[in-house]
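In the structure tokens that follow, a single protein chain appears in two forms: structure 1, then structure 2.
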Structure 1
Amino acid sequence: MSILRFVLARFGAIIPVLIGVTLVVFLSLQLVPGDIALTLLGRFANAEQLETLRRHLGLDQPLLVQYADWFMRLVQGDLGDSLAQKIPVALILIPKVANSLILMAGSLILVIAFGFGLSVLAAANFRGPADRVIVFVSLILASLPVFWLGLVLLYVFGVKWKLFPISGMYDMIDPGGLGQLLHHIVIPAVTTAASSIAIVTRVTRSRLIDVLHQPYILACTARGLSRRRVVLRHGVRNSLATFANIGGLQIGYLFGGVIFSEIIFNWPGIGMQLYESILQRDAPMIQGCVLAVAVVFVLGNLISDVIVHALDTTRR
């Protein structure tokens, strides 16, 4: 199957998934206790005011009618208006999603660089000191809560040693510039990427160890090829599909994981927006944020599948 046909087939497969996501997002908010109208008007509102607002928001309609109306507006690009800010959700989400994608990209670069490098180093020195240290460190990184790690890094590198800023994307005085962005993104990106680095390292290491014990690898070694050439040219090449698969899955995980990092470091992204919307019971904004995370997760899986398909030598 060609790459184009594979991509089109995968696009067709993700459409039902996205529809299911919209259904889950809509119903989950309906199950949250409390009254949106009462939250907006306050506890001193009378019954007539509450009923008028419910009719205006369509809350008096059956759930199926509410979902159908919301879904039809959604496919037209209308996510509704924010109940707290009184402006379209899309206008708020676009810059927030862009900021979160920047943080996710920085985290993904760390995951690819360190996850791949550490896995190759560990597998090439299987059961050696380097392998044992890497496995031990990856186990610790996988066990650390994101919010705890973020607070520790913030205190050590931002407050105590003052090496990196502790808040925002840019300096409050004279903001802007790529240099400022790179300076501000270091600690949040490390916080977000830590557990993913551990996952990618352990999975890719296991796959590479299996590859390096295959008969054709032993045959290459018997022919006198150097260990470096055997690992990099033959072992790594046949482990790339596994690395691409687990690495692609981290795209959605990182985009969802930035929620904690954004709250800790006051990063103006979708995570911070979702946190504020939950506190304000801003249902349209919550739906928009969750849908954005779901779409990025699905697209990340699609990218991963396409890369794995391209690396699959058995189809040629």
Structure 2
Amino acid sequence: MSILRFVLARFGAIIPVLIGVTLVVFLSLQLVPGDIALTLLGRFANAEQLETLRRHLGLDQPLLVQYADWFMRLVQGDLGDSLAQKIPVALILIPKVANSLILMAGSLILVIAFGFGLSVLAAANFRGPADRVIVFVSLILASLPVFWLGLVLLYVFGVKWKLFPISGMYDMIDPGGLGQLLHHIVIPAVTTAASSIAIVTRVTRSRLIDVLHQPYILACTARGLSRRRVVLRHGVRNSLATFANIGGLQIGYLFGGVIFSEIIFNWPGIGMQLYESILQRDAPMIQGCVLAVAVVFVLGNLISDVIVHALDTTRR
């Protein structure tokens, strides 16, 4: 299948998934104990307003009709108004999503660079000292709770050594500029990336080890190719798909981590917004955040699927 056809086919396949996602997000509101209208309107609502909203939402209607209404509004970009800010949710979300994506991108770069480098280093020295050290370190990294790692890094680099700023994306005075952003992003990105680096390293390493035990690798060696070439060309090329795959999955894990590192480092992204919205019991905002993340996640996975597909010669 050509790449283009694959992309189109996958697009076709994610549409039902995305619709399902909206359904889950819509239904999640049903989990809230008590009156949905009250939840949506906040605790100010008087009886009359509640009644209006109920009619407006068609809460007397069957759930499916309510969903259809909600979905139609959603398609038009209307996620409702934030309870806390009284501003359309979409308006608040857009900059937050952008900020989170910046942090994600930073973390993803770390994940890719370290995950790949470490796994190649480890697999090439399978059972050697370098391998052992990398396996040990990634075991530890995989066991660190992200919220705690964030605090530790914040304490060590921000408080003790004062090497990095510890809050926000830019300096407060004269904000802006790539330099500032890069300075600010380092620790949050490391925090977010740590466990993903571990996962990617572990998976890619074992895939690479697997590959290096494949008969064609033996055959390559038997043809007189140097170990370097065998590992870096044949080994790496054949583990790239796995790497891209697990890398794509990391987008999801990273989002899990981003929520915490944003809270800890005051990064004005969607994770922090989600946290605040939770404390504020701001249901439309929570729904908006979740929806935004899910969409980004699905699209990210789509990209990684396409890369995996492009890398897999046997499916061409």
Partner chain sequence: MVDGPVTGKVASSRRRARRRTNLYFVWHGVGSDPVARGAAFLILVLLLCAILAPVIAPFDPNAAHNALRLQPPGTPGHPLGVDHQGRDILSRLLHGSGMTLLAGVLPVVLGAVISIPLGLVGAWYPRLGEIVMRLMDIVFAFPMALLAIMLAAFMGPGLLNMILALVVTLVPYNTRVVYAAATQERQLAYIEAARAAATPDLKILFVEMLPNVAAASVVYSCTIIGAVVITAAGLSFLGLGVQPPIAEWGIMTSEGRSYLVNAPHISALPGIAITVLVLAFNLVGDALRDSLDPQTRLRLVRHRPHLFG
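Throughout, residue numbering runs from 1 along the sequence of structure 1. Only the largest set of C-alpha atoms that superpose within 1.5 Å between the two forms is called the rigid core. Since the structure is predicted, the reported quantities are computational estimates derived from the model, not experimental observations.
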item: Label of the structure corresponding to the form predicted alone; value: 1
item: Cα displacement of Leu64 between structure 1 and structure 2, once the rigid core is superposed (Å); value: 3.4
